[in-house]
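The chain that follows stands alone, in the form predicted alone, written as structure tokens.
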């Protein structure tokens, strides 16, 4: 069994600031939180940018530049940049960071889904910023678009910049989308899959769903041709993390996906969530990967080949 790669998803675009006072918003806050998560045991950090004045999801390259350069100055952690951005951005807008910064990894969404955030409205009594309420309400009638045309665009961008795609699998049909891309020679194996479980509009975060995704991926690609990690959104995060550690997969945690360290108790940082998974790995006798280990396991190009 490979060492456990822990990814920390630092701020994302789905968690609105009014849900937790601990969400990093400014480029400095996001970078510092990523550095702390790496010190706690994360081998990979997954990075979105936000507008520093109000926390709205941003595609501004200067916001990303500040985040990336600050992290790299202080840590050797693997940086995975989002190409998901937010559901309101075009694929060209979302992916512009890849040719600009040439990261070792970037996310690559493998299919369209309903991406509903509106249940979070029940948890918020007072909004910190004016945009948040409408942002959550509009998700009730929104499709996160990731079409085959988008796939072709992202395949070209990632290949041209030697950036490893982290394939976001929100449902079983997304594995069949990947199978098509592989058969058409648009994407090469081995692949790294991130099973995103618990989003309203996609597959649930249940144990049988995780075992089904792993089994189906094995049937389609052969276990020697992919690595996998799991995201449990909300309450599913720690339960699915424990399963993945035991099953030989990898784990993503972070305030992008889940704001609680335990039931009813807000996590005070991304590092705190990483530390919990490090503790689980110790209990289950699985060594935790360093950034160097992660680069070897995922076959990455190395930090010397990025553009930041």
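Model, not experiment: these values are computed from the prediction. Numbering follows the first chain given and starts at 1.
The next section is about a form of this same protein that is not shown, the form predicted in complex with a small molecule.
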property	result
Sole residue of 115, 228, 151, 101 within 4.5 Å of the small molecule in the predicted complex, by heavy atom	115
Candidate stretches 177-185, 209-217, 191-199, 131-139, one within 4.5 Å of the small molecule in the predicted complex by heavy atom	191-199
Partner proximity in the predicted complex: residue 163 to the small molecule, non-hydrogen atom cutoff 4.5 Å	no
Non-hydrogen atom contact residue 111 with the small molecule in the predicted complex at 4.5 angstroms	no
4.5 Å heavy atom contact, residue 250 to the small molecule in the predicted complex	no
Heavy atom of residue 171 within 4.5 Å of the small molecule in the predicted complex	no
